[in-house]
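A single chain comes next, written as structure tokens; it is the form predicted on its own.
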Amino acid sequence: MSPVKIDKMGDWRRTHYSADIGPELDGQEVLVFGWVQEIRDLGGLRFLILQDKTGQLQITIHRHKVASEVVEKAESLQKQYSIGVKGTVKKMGKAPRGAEIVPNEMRIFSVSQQPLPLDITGRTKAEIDVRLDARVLDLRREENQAIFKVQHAALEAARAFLSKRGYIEVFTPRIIVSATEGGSALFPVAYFTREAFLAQSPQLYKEQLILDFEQVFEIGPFFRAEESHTRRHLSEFISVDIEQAFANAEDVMKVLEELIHNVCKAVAANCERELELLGHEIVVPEVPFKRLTYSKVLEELEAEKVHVPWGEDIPTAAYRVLGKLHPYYYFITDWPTKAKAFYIKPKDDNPELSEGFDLMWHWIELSSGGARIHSKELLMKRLSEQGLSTESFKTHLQAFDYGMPPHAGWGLGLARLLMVLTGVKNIREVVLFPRDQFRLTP
């Protein structure tokens, strides 16, 4: 077989996307671009399914009714070739969009190596690692693209909601000198002649910035040397964070539940086709969400014969039981102070309890937040209690000499929220190029 001739794009420019092609364009000449998704040969008739960013359309080649050059090109095509087609729209009830294109001219812009490492139609199932190894091919499937169109809609809604509420978007450093929250889950970085670390969260910087802007939010990547290899843990993740001056935990919990409500509403309204592709329906939650104290949760678990010692973190197995009791969004409040980060404020009337909270969906933690300590002396005491060096947090502590107000905030894991919005069970499928303990490529 002779090599496939590669064409130049020349003066060709797209006139329509696949989503624009319908029976109302019958008889009109159009020019479309895309990739060959599927080929069906019925002797004198060849059907091509062309895919672009908006979906799929059918190209129909009648061997004896189109130019021989078009037939020749069509016969050389393989899946995933990128091509352009100039042709006439024809009504066709059996075609994907009620119309097909009969080509007058075709150009091949690039070829693909055969066989492909996975089936881009998705009919032949592949293991998650095989799919991730060939991620850009895996993303050819409309169902997978739908996930990230939902993500786009969710982020658009979140930004609009927070901006309308008076928050200003900020960007904080990713290369830092000390741990944000203490602990060892840090990635070290060779920073010229010194050691630095990748940021675990924007926490310390967003606290400082409320001195200037009062209400800030940030959406960006953060890093944790997470050794838990589960369906909901990653080493690099996108976090949606807010911080607000002159606010307490309840104030920012209200912001969080309203944001979730608005995001769900926007996705349900704007992503009907994507949700249909994913076979998932979004139920827009009513606000306010239920609030359960940490102690109440432990009582409920005890009644289910699951014992968690007071003061300890709640293990995954216990959360799964809790999720069956509360199959919706809910907050867990009044956590033990010793179970929360050093910057979470202890309650004035009972310092053993904190003003920290988690937002849950069924058994999955989506967000963590709370009121922050705004007293420098108390913050230094908490650092000492957690075995952290005040010298390592010197520049952060400085900000508390400049009139640090009462404040509160939270961080929301975007990928975990996307799992809820799409019904996808593995967090690696809702991240374009996931990073975990074992995966550093592609």
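Start at 1 and count along the sequence shown; that's the residue number. Because the structure is predicted, anything quoted here is derived from the model rather than measured.
Beyond the structure shown, there is the form predicted together with the RNA, which is absent from this document and is the topic of what follows.
Within 4.5 Å of the RNA in the predicted bound form, do we find a heavy atom from each of E38, P96 and E100? Yes.
Is the gap between G43 and the RNA in the predicted bound form 4.5 Å or less for some heavy atom pair? Close contact exists here: in the predicted bound form, G43 approaches the RNA to within 4.5 Å, heavy atoms only.
Look up in the predicted bound form whether Q78 has a non-hydrogen atom within 4.5 angstroms of the RNA, and give yes or no. Yes - in the predicted bound form, heavy atoms of Q78 and the RNA come within 4.5 Å of each other.
Answer yes if any heavy atom of E226 is within 4.5 Å of a heavy atom of the RNA in the predicted bound form; otherwise answer no. Looking in the predicted bound form, residue contacts with the RNA include E226, since a heavy atom lies within 4.5 Å.
Does R140 reach the RNA in the predicted bound form if we count a contact as any heavy atom within 4.5 Å? Heavy-atom contact with the RNA at 4.5 Å: absent for R140.
Name the stretch: of 43-51, 376-384, 397-405, 26-34, exactly one has residues whose heavy atoms fall within 4.5 Å of the RNA in the predicted bound form. Correct option: 43-51.
To verify the annotation, which of these, P315, P188, P327, P173, has a non-hydrogen atom within 4.5 Å of the RNA in the predicted bound form? Selected residue: P315.
Residue among N104, S110, T293, T230 with a heavy atom within 4.5 Å of the RNA in the predicted bound form: If I apply the 4.5 Å criterion carefully, the residue I get is T230.
Where, within 190-205, is there a heavy atom within 4.5 Å of the RNA in the predicted bound form? Residue list please. Contacts from 190-205: Q200, S201.
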